[in-house]
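Just the one chain here, the form predicted alone, laid out as structure tokens.
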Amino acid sequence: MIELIYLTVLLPLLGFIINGVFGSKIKNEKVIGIIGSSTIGLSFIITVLAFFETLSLPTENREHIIELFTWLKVGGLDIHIAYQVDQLSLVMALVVTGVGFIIHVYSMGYMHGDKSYWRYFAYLNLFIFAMMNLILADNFVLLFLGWEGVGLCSYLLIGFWYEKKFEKSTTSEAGKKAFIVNRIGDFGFLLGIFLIYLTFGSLNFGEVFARAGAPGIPESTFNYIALFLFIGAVGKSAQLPLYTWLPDAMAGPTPVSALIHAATMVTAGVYMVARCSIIFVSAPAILTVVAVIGAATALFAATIALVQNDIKKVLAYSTISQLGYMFLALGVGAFSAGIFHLMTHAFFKALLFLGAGSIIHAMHGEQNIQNYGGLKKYLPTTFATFLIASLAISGIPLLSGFFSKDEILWFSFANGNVLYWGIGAFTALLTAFYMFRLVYLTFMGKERIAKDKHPHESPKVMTIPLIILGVLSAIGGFIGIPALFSGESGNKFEHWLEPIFKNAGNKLAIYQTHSHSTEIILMIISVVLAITGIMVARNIYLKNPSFADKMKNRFNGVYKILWNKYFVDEFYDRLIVRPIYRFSESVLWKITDAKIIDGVVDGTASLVNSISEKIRKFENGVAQFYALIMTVGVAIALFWIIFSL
């Protein structure tokens, strides 16, 4: 099946073509949904078979390049449409196709009755096609094709309900914002690719990473390459300061939020940094920047999530925070831990978003958690699965998030410093608090449901995906049990990815000797902090609801800052957006366009018109005038001939 891995890319493309071309003519929603979902399901099956085939091979023979054809061959640049099957790409492919398939099935129920049902599934398939190109590519050009593809599809999916109002604008504005902000990061990524080619003379991963591991290249060159690549990751994975697009991306359908913000697009930056690990460890200064940005983003976004009332906005800022965790892991050299958290996060965050979709579906579009309360009895399956996901993201022992989160916290302490660990641990406390604030206000306590709302459990096509993701959120972390508990066998997930990051780990050479006692103490502290966050949320929002209002009034200034998201959007609007609009209007439009460009075009037309007016006088329709002109012409010709002899 390894040789057929290209089908995991082509099948979603086939689904896009069928639904995109013929979808409007297919009147049956079930047929459209089955076409869109089955292509992803088949891709998942092929990926699973390829995984087990790879698992049966010796470690040194687990990397395969499946080349289809030559794409570009210009001078020294030789680019192929080729896919790399190894431990890292298989993990990503399993997550993308597996979680993607579940979201496609869920969408069949959630999007029922939508007038553009076929267009929705066409866009979803195209998104998976782009993402699979990104994660399976064996060169930077093909990766960049997928990178730009997911950016385009995110624009289409976020603005899917383009006529719908979203906050102060429309969903199409939110899609445009995501597209433009991502272009800022993509420009940096493109510069990094250019510099890679200038430095290594190739854009194929194998050649670039082999030469990057060899001596002779100045550290400053690696610094520039890593910095430019990381700028691309900051934009795609919504890190400071390019995170502002992701909360607005909640304007799209909820399954889109689950797909983009759980398993696919936002994790592309994490994957890219991990794939280029040898480059980043060769630039230790930039690796520190990765850790600092990750830690700062994790804490920054978590504080904003504390006060949000839109259920999807809480989860959006939670996603930004968890991505910060992943970059913190990458920044301290714990690449396997970062990918491990990427995987577990895909399970519980997809479940949270789909659970939110089930709640919104039951509440007929209501998204304000202040208008919920007591939904537990109406939505038992949604509540049970949402609770599992909330416990997992909070880091409660034996659930998936516990293993991956504590792995990051441990390496942040062992490879980084106490400050990294402290920020990560405090963020874990905030995560538990805001997630259970969400749980208590939504499912428990006094009902605050409007009389015209009649909540009900979602159909099985939506609840079965929730149950599957609930199981994965519960047991998915056992694949990465830390060496502390697994004994001599060690962390199986880390061993699986070890060949990918071996050279980077050797070059980094900062791993400390494991102190099990220290690791246990830190683990206990993080669990205590998580439980503390849950209990504080319980005491405030269940036991003493009026206390929240008292605290809001007492710390009104802090609350306003958090409620307005530190006024970052307003700051960008005044410092960047409005000046660009004013400059575009006063200079680019009124001067450059209207006067210079239009002036040249209109002036050319006026000149031609003026000359034509004069020439036209010779065409007056009078035969005698034409005879006179001919006589004069003949006379001039004779004089010319006579005097030229």
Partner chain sequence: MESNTILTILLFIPVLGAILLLFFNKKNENLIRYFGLTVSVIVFILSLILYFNFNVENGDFQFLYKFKWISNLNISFFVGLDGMSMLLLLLTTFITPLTLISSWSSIKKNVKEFTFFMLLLETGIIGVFISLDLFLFYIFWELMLIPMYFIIGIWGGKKRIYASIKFFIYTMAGSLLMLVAIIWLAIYASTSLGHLSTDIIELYKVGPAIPESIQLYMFLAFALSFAIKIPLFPFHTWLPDAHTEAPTAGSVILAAVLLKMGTYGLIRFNLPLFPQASIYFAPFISVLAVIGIIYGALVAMVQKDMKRLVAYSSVAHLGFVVLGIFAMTTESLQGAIIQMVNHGLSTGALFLLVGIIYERTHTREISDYGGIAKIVPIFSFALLFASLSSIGLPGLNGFVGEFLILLGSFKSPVLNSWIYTVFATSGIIFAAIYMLWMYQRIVFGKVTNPALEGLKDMNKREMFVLTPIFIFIVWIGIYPSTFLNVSQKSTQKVIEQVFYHQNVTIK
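Just so you know, these numbers come straight off a predicted model, no measurement behind them. Throughout, rigid core stands for the largest set of C-alpha atoms superposing within 1.5 Å between the two forms. Residue numbers count along the first chain shown, from 1.
What follows is about the form predicted together with the partner chain, which we do not show.
Peer 1: Identify, from the list Asp569, Asp114, Glu148, Asp310, the residue with a heavy atom within 4.5 Å of the partner chain in the predicted bound form.
Peer 2: None of the others qualify; the residue that does is Glu148.
Peer 1: Heavy atom within 4.5 Å of the partner chain in the predicted bound form: which of Thr59, Ser606, Ser612, Thr592 fits that? Just give me the one.
Peer 2: Among Thr59, Ser606, Ser612, Thr592, a heavy atom within 4.5 Å of the partner chain in the predicted bound form occurs only for Thr592.
Peer 1: Looking at the partner chain in the predicted bound form, do all three of Tyr155, Ile184 and Phe228 come within 4.5 Å of it through at least one heavy atom?
Peer 2: All of them do, each having a heavy atom within 4.5 Å of the partner.
Peer 1: Picking from 399-407, 547-555, 446-454, 184-192, which part of the chain touches the partner chain in the predicted bound form when contact means heavy atoms within 4.5 Å?
Peer 2: Flagged stretch: 184-192.
Peer 1: My question is simply whether Tyr224 lines the interface with the partner chain in the predicted bound form - judged by any non-hydrogen atom within 4.5 Å.
Peer 2: It does: once the partner chain is placed as it appears in the predicted bound form, Tyr224 has a heavy atom within 4.5 Å of it.
Peer 1: Looking at the partner-bound form in the predicted bound form, is Ser172 within 4.5 Å of the partner chain by any heavy atom?
Peer 2: Yes.
Peer 1: Mark Gly76 yes when one of its heavy atoms lies within 4.5 Å of a heavy atom of the partner chain in the predicted bound form, and no otherwise.
Peer 2: Output for Gly76 is yes: heavy atoms within 4.5 Å of the partner chain.
Peer 1: Does at least one non-hydrogen atom of Phe501 fall within 4.5 angstroms of the partner chain in the predicted bound form?
Peer 2: Phe501: no contact with the partner chain in the predicted bound form.
Peer 1: Would you give me the residues of 579-605 that have any heavy atom within 4.5 Å of the partner chain in the predicted bound form, in order from first to last?
Peer 2: Residues within 4.5 Å: Ile580, Tyr581, Ser584, Glu585, Leu588, Trp589, Thr592, Asp593, Ile597, Asp598, Val601, Asp602.
Peer 1: Take the rigid core as the frame of reference and indicate whether the C-alpha of Val587 shifts by 2 Å or more between the shown form and the other one.
Peer 2: The answer is yes, as the C-alpha of Val587 shifts between the shown form and the other one by 2 Å or more after core alignment.
Peer 1: Rigid core aligned, does the Cα position of Glu67 differ by 2 Å or more between the shown form and the other one?
Peer 2: No.
Peer 1: Determine, after fitting the two forms on their core, whether Val31 shows a C-alpha shift of 2 Å or more between the shown form and the other one.
Peer 2: Val31 C-alpha, core-superposed: shift of less than 2 Å.
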